[in-house]
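Okay, so here's just one chain, in structure tokens, the form predicted alone.
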């Protein structure tokens, strides 16, 4: 049994996330966690809300709420939506937690003791209209690289290039829209990441199994002259973790907070501490400290490609620079972007389908299957309503749902709602068992390698075998002249249902549970095809499940297309 620590990139607190956010980190992380648990491994799956920095302040101001109140409310909303999509976090934490406050301040103290933090005067934008310094995300303007007119002062959402506010063309305050801005000096703390270049380079070079997308981004940033620079870790904000050196005050840093990029990744560790504090676990250090058991842990992170630089350089720099035996990530699964109907999903612009809206329309398994089977692993992908309708109707309704409905209804009509007596497997059944054992091995190999699209394609192919078997065996025809053979065929086909349920659970957990419940068996990962396909004894009762998946009509698809053609207000 392996021990696997899984973290998903933590979502900003500023509003409900869209489907592009979901498929870029949380959903594939959940798929992997469910798969590993199904195989009997020990898993700790953590996520949290990223509650500090300008996104939280701006969203709270827009909502007319105090920041702390707004964050608490939105954490509850995101937690509920995560449950709605069946995201199986062991703990869903908050970066504003006392644990993250203490741990962030601890890391800052360790880095300072190691000589990796220096005080520096920075030139920052000051807004006369707002009477305050404007941190990066409080400034918008035109990206000098791609021309996107809503680029932020830290990064362009369109081309993902990192920016400084002074690089923006025609900058303006995100609070008031004022262009009456000027550059003033303010003192801040910088993390001297450049001193860790060789350590980071050697560490990245050792990760020969990382996806190309991850390593290419990491090496580009590491080797680019503008990449691994010393970087500010404090900001002039009211909301955030107060700047301290461990538990001691930091002279000259009064009234300042740590920059969100510094404290947010530390929340991965703090979240495990929260997990224990919530009474869900008993030892968070055995997952995070290599001197207390974590040397045997495999740590896997899931994130969109825009988060790769922080997770391959900045967060590891914090851990390495601390000089303490914290667990470093073993594997980073990164994703490209899911686009929406010819454009981009965007939380800030309100474009696309958002998690709450999706669940209003259809149950989560419809979305989970489509998103995971189209996950943007090797290139950007695109959500279109036509593709969604086609794949739901074909894969879920016509293939899986149709098979379960056909065989359970046929059995009930000819043999009653029990598994009939059946003879030995014939050549047809034995050939299918052999094929399914091969496919089971391939499916598990793809899941082990986190090759999600390939795994989804193999799972669908496994589903297809059921309908192909029924077409070939035709138990309804055999029943007319040889009821005993028809009974054997029926019993064999019924055994495919719990087999499918176990394999499908990581992708479509609700449906998998419904299939297992209908057959009156626990949901379990099959050890091998032959054992699984002889598991149901004669006389075992079952129920014919409700329709597993309802087809999406053209009228529904057109109505949803029209409803989500604009921008969410």
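Positions refer to the first chain, counted from 1. Under this definition, the rigid core comprises the largest set of C-alpha atoms superposing within 1.5 Å between the forms. These numbers come from a predicted model, not from an experiment.
Only in words, not in the display: the form predicted together with the RNA, which the text now covers.
K.L.:
In the predicted bound form, does residue 410 have a heavy atom within 4.5 Å of the RNA?
P.N.:
Residue 410 belongs to the contact set for the RNA.
K.L.:
Do residue 405 and the RNA share at least one heavy atom pair within 4.5 Å in the predicted bound form?
P.N.:
Judged by the heavy-atom cut-off of 4.5 Å, residue 405 is in contact with the RNA in the predicted bound form.
K.L.:
Is residue 380 near the RNA? Define near as a heavy atom within 4.5 Å, in the predicted bound form.
P.N.:
Close contact exists here: in the predicted bound form, residue 380 approaches the RNA to within 4.5 Å, heavy atoms only.
K.L.:
Residue-level question: is residue 250 within 4.5 Å of the RNA in the predicted bound form, judged on heavy atoms?
P.N.:
The answer is no: residue 250 has no heavy atom within 4.5 Å of the RNA.
K.L.:
Taking the partner as it appears in the predicted bound form, which of 271-279, 107-115, 228-236, 199-207 has residues with heavy atoms within 4.5 Å of the RNA?
P.N.:
In the other structure, the partner sits against 228-236.
K.L.:
Can you pick the one in 345, 92, 261, 302 that has a heavy atom within 4.5 Å of the RNA in the predicted bound form?
P.N.:
Only one option qualifies, and that one is 261.
K.L.:
Considering the RNA in the predicted bound form, which of 150, 86, 256, 453 comes within 4.5 Å of it through any heavy atom?
P.N.:
That would be 453.
K.L.:
Heavy atom within 4.5 Å of the RNA in the predicted bound form: which residues of 33-56 qualify?
P.N.:
Contacts from 33-56: 50, 52, 53, 54, 55.
K.L.:
Aligning on the rigid core, do we see the C-alpha of residue 184 shift 2 angstroms or more between this form and the one not shown?
P.N.:
The answer is yes; the displacement is at least 2 Å.
K.L.:
Core aligned, does the CA of residue 376 move at least 2 Å between this form and the one not shown?
P.N.:
Superposed on the core, residue 376 moves its C-alpha less than 2 Å between this form and the one not shown.
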